[in-house]
Structures are given as C-alpha cells and as structure tokens.
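Next comes just one chain, in structure tokens: the form predicted alone.
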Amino acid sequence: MKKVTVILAHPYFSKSNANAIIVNSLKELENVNLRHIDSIYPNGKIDIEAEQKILSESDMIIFQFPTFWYNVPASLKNWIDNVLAYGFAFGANGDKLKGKEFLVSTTIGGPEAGYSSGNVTIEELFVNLKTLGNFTGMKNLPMVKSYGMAFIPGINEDLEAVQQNAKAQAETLIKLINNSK
C-alpha cells in the first residue's frame, strides 16, 4: 500500500474551518501520516533526521496549508529550508525524493477574482513549489486549491459554503491519493 505523508503547516489550526475538515478527512485513510509541523515543532527547531526518514519511506508527499499573504506559512518555509537539504533532496547523493509523487494543496481565503485579472494565478504564485518538485526529482501532481475559504464575521459569513468547499477539496485529495501510481 502506498505511504502518504501530509505536511500540514497552519499556525492557527485550532481556529481553522477549512483545513481542519480537509485534514480530518485525510486522517481517516489508513495509509496517511499527518505531520502538523506547527504542533510538532512549536519553537521551529525541526528534527531534520526524523523528517527525512519519514519522507524517505513515503511514496507521496502532500503540502497542505492556507495561503498567507500570497505565500506559504513561515513554518513550511522553515521546514523546506531545513529538511530538503543538500545530500538528501538534491546534490551529491541527494536523490531521496526522486520518483515520489508531490502534491500541493492550499486553501485561499480570498475569492478567485483576487488571483486573476492582472494578478498572478495561484499556480503562478506557487511555481516555486512546482520547481521544488522538479528539482528534487519528484513527480508533480496537479495543485488542489479552493478559494473563498476564510470565514470572517462581517466579511465572509457563509461558514456552510466554506465547509462544503473544504469537503470537496478533501474528496479531490482522497481521489488523487487512491488513484495515483
């Protein structure tokens, strides 16, 4: 059975509506190892060897996160910088991720219109993650994303719509997990 590792980066997970639904759906799968890096490493000091071992044993790696100011959360950037190191993910003997499937899944608080009509698309915004996948020899799968995912009283008060979109995103992820390789 394929081993899937989900790297969840969400510093405010206890207040999450969308990511909580997505993650709880993925946790129901027996082959999924969820790594909430903000909980595991609240001080930002990552056990690099442990994380690298887990990735080495994985067939698929998923980054799950809310988009923060057109970027990944700082904890994910810190994790990438430390774990995907020379000699592990690239460079001399750095082939430990080669051939693994890589999927980026993000929730975006704002509407899709905020990422078009003159602005960059989410895919363009996260071309760095696609490049990361290519550079480390992983197979990039299509990005999974949802817009309008912030429940903010007075601005976006349709919690039910956020929850339905999160469930749909979780279903898409589950299909990709079950139908890949």
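Note that residue numbering begins at 1 and tracks the sequence as displayed. Not measured: the values here are computed from a predicted model.
A second form of this protein, the form predicted together with a small molecule, is not displayed here; the remarks below concern that form.
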Taking the small molecule in the predicted complex as the reference, which of S58, T67, Q52, T136 has a non-hydrogen atom within 4.5 Å? T67
Ok, L84, L76, L103, I108: which has a heavy atom sitting within 4.5 Å of the small molecule in the predicted complex? I108
Looking at 59 to 67, 31 to 39, 128 to 136, 44 to 52, which one sits within 4.5 Å of the small molecule in the predicted complex if you count heavy atoms only? 59 to 67
Taking the small molecule as it sits in the predicted complex, is Q163 in contact with it (heavy atom to heavy atom, 4.5 Å or less)? no
Would you classify S16 as touching the small molecule in the predicted complex, given a 4.5 Å non-hydrogen atom cut-off? yes
Answer yes if any heavy atom of A150 is within 4.5 Å of a heavy atom of the small molecule in the predicted complex; otherwise answer no. yes
